[in-house]
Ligand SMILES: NC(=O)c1ccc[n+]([C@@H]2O[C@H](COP(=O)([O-])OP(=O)(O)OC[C@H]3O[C@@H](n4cnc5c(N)ncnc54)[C@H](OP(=O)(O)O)[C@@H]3O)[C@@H](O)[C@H]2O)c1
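Next up: just one chain, as C-alpha coordinates, the form predicted on its own.
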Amino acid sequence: MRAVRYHEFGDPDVLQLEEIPRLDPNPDEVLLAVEAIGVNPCDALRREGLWGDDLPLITGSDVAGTVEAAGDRVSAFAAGDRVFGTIPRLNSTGGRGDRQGACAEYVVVREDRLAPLPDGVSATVGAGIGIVGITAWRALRRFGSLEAGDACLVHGGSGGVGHVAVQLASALGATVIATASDERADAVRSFGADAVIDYDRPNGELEAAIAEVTDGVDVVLDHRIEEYVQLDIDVSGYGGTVVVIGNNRDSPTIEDLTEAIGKDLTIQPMDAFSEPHIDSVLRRLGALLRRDRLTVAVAETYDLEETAAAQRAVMNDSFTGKLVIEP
(Lines give C-alpha, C1' and ligand atoms only; values in the text may rest on other atoms or scores of the structure.)
Protein backbone atom coordinates (compact mmCIF):
# COMPACT_ATOMS: atom_id res chain seq x y z
CA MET A 1 0.00 0.00 0.00
CA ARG A 2 1.06 3.63 -0.39
CA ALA A 3 1.81 5.56 2.79
CA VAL A 4 3.48 8.84 3.75
CA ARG A 5 6.20 8.29 6.35
CA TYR A 6 9.14 10.12 7.87
CA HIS A 7 12.40 8.54 9.03
CA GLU A 8 13.73 11.65 10.75
CA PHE A 9 12.20 14.71 12.37
CA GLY A 10 12.17 17.95 10.42
CA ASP A 11 10.28 20.16 8.00
CA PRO A 12 7.72 18.80 5.48
CA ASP A 13 10.53 17.72 3.15
CA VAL A 14 11.19 14.70 5.41
CA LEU A 15 7.83 13.21 4.35
CA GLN A 16 8.20 10.37 1.83
CA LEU A 17 5.55 8.57 -0.19
CA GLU A 18 6.47 4.88 0.10
CA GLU A 19 5.17 1.41 -0.67
CA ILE A 20 4.95 -0.59 2.56
CA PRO A 21 3.17 -3.79 3.65
CA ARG A 22 -0.40 -3.49 4.86
CA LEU A 23 -0.82 -4.25 8.56
CA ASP A 24 -3.26 -6.82 9.89
CA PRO A 25 -5.55 -5.64 12.70
CA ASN A 26 -4.92 -6.68 16.29
CA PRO A 27 -7.90 -8.22 18.16
CA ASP A 28 -9.12 -4.76 19.30
CA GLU A 29 -8.55 -3.02 15.95
CA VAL A 30 -10.21 -2.66 12.56
CA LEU A 31 -8.54 -2.47 9.18
CA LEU A 32 -9.85 0.57 7.37
CA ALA A 33 -9.80 1.38 3.66
CA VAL A 34 -9.05 5.09 3.83
CA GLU A 35 -11.21 7.57 1.94
CA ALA A 36 -10.09 10.83 3.57
CA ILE A 37 -7.52 12.13 6.06
CA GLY A 38 -7.77 15.33 8.09
CA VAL A 39 -4.78 17.68 8.30
CA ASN A 40 -3.98 19.15 11.73
CA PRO A 41 -1.25 21.37 13.18
CA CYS A 42 -0.43 18.58 15.66
CA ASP A 43 0.60 16.39 12.72
CA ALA A 44 3.23 18.96 11.76
CA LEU A 45 4.39 19.45 15.36
CA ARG A 46 4.75 15.71 15.74
CA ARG A 47 6.74 15.51 12.50
CA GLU A 48 9.05 18.20 13.90
CA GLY A 49 9.77 15.95 16.91
CA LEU A 50 7.74 17.63 19.66
CA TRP A 51 6.80 14.27 21.22
CA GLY A 52 9.91 12.26 20.32
CA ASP A 53 8.14 9.30 18.69
CA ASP A 54 9.89 6.16 17.53
CA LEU A 55 10.61 6.34 13.80
CA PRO A 56 9.78 5.70 11.02
CA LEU A 57 6.19 6.84 11.48
CA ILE A 58 3.28 7.34 9.11
CA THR A 59 2.05 10.91 9.50
CA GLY A 60 -1.55 11.98 10.12
CA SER A 61 -4.20 11.57 12.81
CA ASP A 62 -7.81 11.89 11.60
CA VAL A 63 -9.35 9.41 9.18
CA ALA A 64 -12.59 8.28 7.59
CA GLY A 65 -13.32 5.27 5.43
CA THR A 66 -14.83 1.78 5.21
CA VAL A 67 -14.04 -1.18 7.47
CA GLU A 68 -12.29 -3.96 5.52
CA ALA A 69 -11.85 -6.37 8.45
CA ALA A 70 -12.32 -6.40 12.21
CA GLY A 71 -10.28 -8.04 14.98
CA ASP A 72 -11.68 -10.89 17.05
CA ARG A 73 -12.57 -8.68 20.02
CA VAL A 74 -14.21 -5.90 18.00
CA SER A 75 -17.96 -5.78 18.61
CA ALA A 76 -19.02 -2.32 17.41
CA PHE A 77 -17.99 -2.59 13.74
CA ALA A 78 -18.00 -5.08 10.90
CA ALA A 79 -16.75 -5.18 7.32
CA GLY A 80 -18.54 -2.63 5.17
CA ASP A 81 -19.27 -0.12 7.94
CA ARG A 82 -18.47 3.54 7.24
CA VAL A 83 -16.58 5.07 10.16
CA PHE A 84 -14.59 8.12 11.21
CA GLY A 85 -12.14 8.71 14.00
CA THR A 86 -8.68 9.63 15.15
CA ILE A 87 -5.66 7.38 15.53
CA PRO A 88 -3.23 8.80 18.14
CA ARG A 89 -2.94 6.95 21.43
CA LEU A 90 -4.39 8.54 24.55
CA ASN A 91 -1.91 10.33 26.81
CA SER A 92 -3.04 8.18 29.73
CA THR A 93 -1.66 5.07 28.01
CA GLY A 94 1.84 6.51 28.02
CA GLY A 95 2.24 7.06 24.29
CA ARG A 96 1.21 9.30 21.44
CA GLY A 97 1.03 6.93 18.51
CA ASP A 98 -0.41 3.63 17.38
CA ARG A 99 1.41 1.33 14.98
CA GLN A 100 0.86 3.77 12.15
CA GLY A 101 -0.69 7.14 11.36
CA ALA A 102 -3.50 8.03 8.99
CA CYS A 103 -1.79 9.04 5.71
CA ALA A 104 -2.02 5.70 3.95
CA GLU A 105 -4.37 3.75 1.71
CA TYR A 106 -5.15 1.39 4.61
CA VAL A 107 -4.82 1.93 8.36
CA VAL A 108 -5.40 -0.11 11.49
CA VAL A 109 -7.38 1.75 14.16
CA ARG A 110 -8.42 0.72 17.66
CA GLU A 111 -12.15 0.24 18.08
CA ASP A 112 -12.31 2.91 20.80
CA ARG A 113 -11.00 5.59 18.41
CA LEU A 114 -13.89 5.28 15.95
CA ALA A 115 -17.58 6.04 15.55
CA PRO A 116 -20.11 5.31 12.78
CA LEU A 117 -20.12 7.89 9.99
CA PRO A 118 -23.78 8.86 9.51
CA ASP A 119 -25.49 8.25 6.18
CA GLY A 120 -25.30 11.34 4.00
CA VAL A 121 -22.13 12.64 5.65
CA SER A 122 -19.11 12.56 3.34
CA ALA A 123 -15.82 10.94 4.29
CA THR A 124 -14.21 14.34 3.73
CA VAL A 125 -16.33 15.86 6.49
CA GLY A 126 -15.81 12.80 8.70
CA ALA A 127 -12.05 13.03 8.38
CA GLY A 128 -12.13 16.74 9.16
CA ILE A 129 -14.06 16.53 12.42
CA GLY A 130 -11.91 14.25 14.60
CA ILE A 131 -9.34 16.17 16.61
CA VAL A 132 -10.97 19.59 16.17
CA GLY A 133 -14.33 18.20 17.26
CA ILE A 134 -12.89 16.39 20.28
CA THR A 135 -10.97 19.56 21.22
CA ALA A 136 -14.04 21.78 20.94
CA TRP A 137 -16.28 19.33 22.83
CA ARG A 138 -13.76 18.84 25.64
CA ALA A 139 -13.17 22.56 25.97
CA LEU A 140 -16.80 23.64 25.99
CA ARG A 141 -18.50 20.73 27.75
CA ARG A 142 -16.01 18.79 29.86
CA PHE A 143 -14.08 21.79 31.17
CA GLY A 144 -16.39 24.72 30.45
CA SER A 145 -19.68 22.98 31.31
CA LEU A 146 -21.26 25.26 28.70
CA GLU A 147 -25.04 25.19 28.61
CA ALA A 148 -28.00 27.10 27.22
CA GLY A 149 -28.02 30.75 28.22
CA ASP A 150 -24.26 30.97 28.80
CA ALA A 151 -21.98 33.34 26.92
CA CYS A 152 -19.07 31.82 25.01
CA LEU A 153 -16.09 33.59 23.45
CA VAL A 154 -14.22 31.68 20.71
CA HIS A 155 -10.94 33.18 19.54
CA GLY A 156 -10.30 32.43 15.87
CA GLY A 157 -13.83 31.47 14.91
CA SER A 158 -12.91 30.65 11.31
CA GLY A 159 -10.13 28.16 12.16
CA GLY A 160 -10.31 24.39 12.36
CA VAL A 161 -11.21 24.16 16.05
CA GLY A 162 -12.82 27.59 16.09
CA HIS A 163 -15.46 27.02 13.43
CA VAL A 164 -16.50 23.74 15.06
CA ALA A 165 -16.55 25.34 18.53
CA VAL A 166 -18.82 28.12 17.26
CA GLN A 167 -21.26 25.52 15.90
CA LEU A 168 -21.16 23.44 19.10
CA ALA A 169 -21.70 26.46 21.34
CA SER A 170 -24.61 27.56 19.17
CA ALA A 171 -26.12 24.05 19.21
CA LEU A 172 -25.88 24.07 23.02
CA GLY A 173 -27.90 27.29 23.14
CA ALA A 174 -25.14 29.68 24.18
CA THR A 175 -24.66 33.26 23.06
CA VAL A 176 -21.59 32.96 20.84
CA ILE A 177 -19.02 35.71 20.36
CA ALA A 178 -16.15 34.99 17.99
CA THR A 179 -13.07 36.82 16.81
CA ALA A 180 -12.13 36.60 13.14
CA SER A 181 -10.85 38.72 10.30
CA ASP A 182 -13.37 41.02 8.62
CA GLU A 183 -13.15 38.97 5.40
CA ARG A 184 -14.28 35.83 7.24
CA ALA A 185 -16.92 37.43 9.46
CA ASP A 186 -19.86 36.35 7.29
CA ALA A 187 -18.64 32.74 7.26
CA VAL A 188 -18.31 32.74 11.06
CA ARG A 189 -21.82 34.14 11.42
CA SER A 190 -23.07 31.32 9.19
CA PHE A 191 -21.57 28.85 11.69
CA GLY A 192 -23.82 30.33 14.38
CA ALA A 193 -21.92 33.22 15.95
CA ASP A 194 -24.17 35.93 17.37
CA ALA A 195 -21.38 38.51 17.18
CA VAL A 196 -18.11 38.52 15.22
CA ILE A 197 -15.35 40.94 16.20
CA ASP A 198 -12.29 41.78 14.12
CA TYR A 199 -9.31 40.34 15.99
CA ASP A 200 -7.00 43.02 14.56
CA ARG A 201 -8.47 45.57 16.97
CA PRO A 202 -6.52 46.46 20.14
CA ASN A 203 -7.46 44.44 23.22
CA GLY A 204 -9.17 47.45 24.78
CA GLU A 205 -11.48 47.75 21.78
CA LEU A 206 -12.09 44.00 21.77
CA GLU A 207 -13.08 44.17 25.43
CA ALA A 208 -15.51 47.03 24.75
CA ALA A 209 -17.08 45.17 21.81
CA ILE A 210 -17.53 42.02 23.89
CA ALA A 211 -19.09 44.07 26.70
CA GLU A 212 -21.76 45.22 24.24
CA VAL A 213 -22.89 41.58 23.95
CA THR A 214 -22.51 40.31 27.51
CA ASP A 215 -21.50 41.59 30.93
CA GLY A 216 -19.46 38.43 31.57
CA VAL A 217 -18.27 35.52 29.43
CA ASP A 218 -18.83 32.08 30.95
CA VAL A 219 -16.42 30.10 28.75
CA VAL A 220 -13.50 31.37 26.67
CA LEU A 221 -11.74 29.12 24.15
CA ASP A 222 -8.30 30.56 23.42
CA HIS A 223 -5.54 29.28 21.13
CA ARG A 224 -3.36 32.40 21.53
CA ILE A 225 -3.17 32.68 25.30
CA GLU A 226 0.14 34.55 25.24
CA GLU A 227 -1.59 37.40 23.44
CA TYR A 228 -5.04 37.33 25.02
CA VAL A 229 -4.70 36.07 28.60
CA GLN A 230 -5.39 39.47 30.17
CA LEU A 231 -8.30 40.12 27.82
CA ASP A 232 -9.73 36.72 28.69
CA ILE A 233 -9.58 37.55 32.39
CA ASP A 234 -11.07 40.99 31.89
CA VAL A 235 -14.10 39.81 29.88
CA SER A 236 -14.84 36.69 31.95
CA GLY A 237 -17.71 36.65 34.41
CA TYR A 238 -17.69 35.28 37.93
CA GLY A 239 -16.85 31.55 37.97
CA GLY A 240 -15.83 31.65 34.32
CA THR A 241 -13.44 29.25 32.62
CA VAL A 242 -10.70 30.08 30.12
CA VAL A 243 -9.77 26.92 28.20
CA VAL A 244 -6.34 27.01 26.55
CA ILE A 245 -5.47 24.92 23.49
CA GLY A 246 -2.56 24.71 21.04
CA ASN A 247 0.58 26.83 20.79
CA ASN A 248 2.62 24.57 23.06
CA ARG A 249 5.47 27.06 23.15
CA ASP A 250 3.45 30.05 24.44
CA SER A 251 4.65 31.69 27.68
CA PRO A 252 1.73 33.82 28.92
CA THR A 253 2.29 36.26 31.76
CA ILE A 254 -0.42 37.48 34.13
CA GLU A 255 0.90 40.63 35.73
CA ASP A 256 -1.88 40.98 38.30
CA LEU A 257 -4.03 38.07 39.47
CA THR A 258 -6.40 40.28 41.46
CA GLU A 259 -9.26 40.21 38.96
CA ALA A 260 -8.90 36.49 38.22
CA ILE A 261 -8.91 35.74 41.96
CA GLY A 262 -11.92 37.96 42.57
CA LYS A 263 -13.85 36.13 39.84
CA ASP A 264 -12.84 32.62 41.02
CA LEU A 265 -11.65 32.19 37.45
CA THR A 266 -10.34 28.88 36.11
CA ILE A 267 -7.59 28.89 33.47
CA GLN A 268 -7.54 25.36 32.08
CA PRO A 269 -4.96 24.13 29.53
CA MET A 270 -6.09 20.94 27.79
CA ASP A 271 -5.12 18.36 25.20
CA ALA A 272 -7.59 16.50 22.99
CA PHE A 273 -5.49 13.32 23.26
CA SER A 274 -6.03 13.18 27.03
CA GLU A 275 -9.75 12.54 26.47
CA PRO A 276 -10.43 9.10 28.04
CA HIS A 277 -13.60 8.41 26.03
CA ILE A 278 -12.76 9.39 22.46
CA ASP A 279 -15.34 7.04 20.94
CA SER A 280 -18.10 8.52 23.11
CA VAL A 281 -17.25 12.06 22.05
CA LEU A 282 -17.05 10.99 18.39
CA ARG A 283 -20.52 9.45 18.63
CA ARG A 284 -21.90 12.72 20.03
CA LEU A 285 -20.28 14.60 17.17
CA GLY A 286 -21.71 12.05 14.74
CA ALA A 287 -25.20 12.67 16.10
CA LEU A 288 -24.80 16.39 15.48
CA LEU A 289 -23.51 15.70 11.96
CA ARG A 290 -26.54 13.48 11.28
CA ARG A 291 -28.94 16.19 12.48
CA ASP A 292 -27.21 18.92 10.42
CA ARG A 293 -26.29 20.77 13.62
CA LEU A 294 -22.60 20.47 12.79
CA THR A 295 -20.42 20.27 9.71
CA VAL A 296 -16.85 20.87 8.59
CA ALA A 297 -15.96 23.62 6.15
CA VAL A 298 -13.34 22.06 3.87
CA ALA A 299 -11.12 24.79 2.45
CA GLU A 300 -9.05 22.56 0.15
CA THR A 301 -8.37 18.90 -0.60
CA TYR A 302 -5.02 17.31 -1.50
CA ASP A 303 -3.80 14.04 -3.00
CA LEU A 304 -1.72 11.69 -0.85
CA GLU A 305 1.46 12.71 -2.67
CA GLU A 306 0.70 16.34 -1.70
CA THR A 307 0.81 15.65 2.06
CA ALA A 308 3.89 17.84 2.54
CA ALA A 309 2.13 20.76 0.85
CA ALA A 310 -0.93 20.20 3.04
CA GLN A 311 1.16 20.27 6.22
CA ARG A 312 2.92 23.44 5.09
CA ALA A 313 -0.45 25.05 4.42
CA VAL A 314 -1.97 24.07 7.77
CA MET A 315 0.87 25.81 9.60
CA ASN A 316 1.42 28.83 7.35
CA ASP A 317 -1.70 29.68 5.34
CA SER A 318 -4.90 31.47 6.32
CA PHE A 319 -8.15 29.69 5.45
CA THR A 320 -11.60 28.90 6.81
CA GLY A 321 -12.17 25.45 8.27
CA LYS A 322 -10.07 22.40 7.51
CA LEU A 323 -7.71 20.89 4.93
CA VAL A 324 -8.29 17.25 3.93
CA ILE A 325 -6.25 14.66 2.01
CA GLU A 326 -8.01 12.19 -0.28
CA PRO A 327 -5.73 9.22 -1.16
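Numbering starts at 1 and follows the sequence shown. Everything quoted here is computed from the prediction, not taken from an experiment.
As for the form predicted together with the named molecule, it is not shown, yet the points below apply to it.
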Query raised in the report: Applying a 4.5 Å heavy atom distance criterion, does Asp271 contact the named molecule in the predicted bound form?
Result: yes
Query raised in the report: Do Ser158 and the named molecule come within 4.5 Å of each other in the predicted bound form, heavy atoms counted?
Result: yes
Requested in this report: Tell me, yes or no, whether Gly162 is in contact with the named molecule in the predicted bound form, where a contact means a heavy atom of each within 4.5 Å.
Outcome: yes
Query raised in the report: Using heavy atoms and a 4.5 Å limit, would one call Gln167 a contact residue for the named molecule in the predicted bound form?
Result: no
Report summary line: Only one of 141 to 149, 115 to 123, 217 to 225, 253 to 261 has residues with a heavy atom within 4.5 Å of the named molecule in the predicted bound form, and that stretch is 217 to 225
Query raised in the report: in the predicted bound form, do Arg82, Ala171 and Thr295 all reach within 4.5 Å of the named molecule through at least one heavy atom apiece?
Result: no
Requested in this report: Name the residue from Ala193, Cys103, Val132, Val109 that puts a heavy atom within 4.5 Å of the named molecule in the predicted bound form.
Outcome: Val132
Query - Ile245, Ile87, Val242, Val235 - the one with a heavy atom within 4.5 Å of the named molecule in the predicted bound form - result: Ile245
Requested in this report: Residue by residue through 292 to 327, tell me which have a non-hydrogen atom within 4.5 angstroms of the named molecule in the predicted bound form.
Outcome: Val314, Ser318, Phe319, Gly321
